[in-house]
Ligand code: MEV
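Shown next as structure tokens: one chain only, the form predicted alone.
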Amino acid sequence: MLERSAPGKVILCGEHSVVYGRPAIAVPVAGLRARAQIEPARGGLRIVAADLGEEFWLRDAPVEQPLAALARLTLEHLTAAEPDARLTVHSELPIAAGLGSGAAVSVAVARALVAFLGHELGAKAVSTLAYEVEKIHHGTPSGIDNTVIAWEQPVYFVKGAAPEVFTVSAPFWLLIANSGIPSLTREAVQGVRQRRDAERACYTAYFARMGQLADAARQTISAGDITALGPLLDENHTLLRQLGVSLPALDRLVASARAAGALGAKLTGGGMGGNVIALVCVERKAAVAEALRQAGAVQVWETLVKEDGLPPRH
């Protein structure tokens, strides 16, 4: 049996504004992964979505079934015939939580299928395949999820431009707190678009400032000035509230993290649910995690953001 995997992701700065051409920064969450296992079988390609309790033949799947769509796109890209195989997908990432679950599954499946067929694809090609499936999940995605997950390194991203992997001079800890409220990115993006169409000048100013925060965050991370990153996250959360994508439950988690000693905190991803991230020093990590649980987080994960200089892992 052959296995390939892909990490989750969180956006540090720039969600929503990235849809409108502003920069954003995202980092991989290496400890939470989607995994795809593939082994020889008979009768065509059988796809098993283990976490959802679903399985089906590729030939019978609807056009917009995400796993089937990814498999068909990959085979078309390789000009390869459908293999006789069983492809099983598992994910540690919660669905609809802003952690890039859909993109992680797509990248893991593409990597597994490509390897099973004896081919190799770079991160750019895998990201492009995953982006097509992101359209099924999210309607008009920015492309940041599939990019950071396929490269599996911190990425500075501007829609339509080549992603830039950048230096993390000093590692830093993030806590990720799951509110337990599903976050539907498609609906959040559509809502922001409607409000932006009604108040174009105001929202253009919000997006411009969020882009400035992303640029400043990249500079502080590259310089190793992690303490200065905290206020940038705080201001980004304030702007996301003004965009209308926060909720009282998310604001409560953010406030609790800050009160417990986080350097900064914000919602991450589409909003309207999902996750909050908190930047913490190692000495306050346990206290902030407990404060997040007390404030209603159903799960709290931690991830160390660092530059290891390695290519994407299998």
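This structure is a prediction, so every number in the text was calculated from the model and none was measured. When you see a residue number, it is the position in the sequence shown, counting from 1.
There is also a form predicted together with this ligand; it is not shown, and the following applies to it.
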Can residue 18 be called a contact residue for this ligand in the model of the complex at 4.5 Å between heavy atoms? yes
Is residue 264 part of the interface with this ligand in the model of the complex - any heavy atom within 4.5 Å? no
Going by a heavy atom distance of 4.5 Å, is residue 189 a contact of this ligand in the model of the complex? yes
Would residue 144 count as touching this ligand in the model of the complex under a 4.5 Å heavy atom rule? yes
For the chain shown here without its partner, which stretch in 42 to 50, 57 to 65, 28 to 36, 266 to 274 has non-hydrogen atoms within 4.5 angstroms of this ligand in the model of the complex? 266 to 274
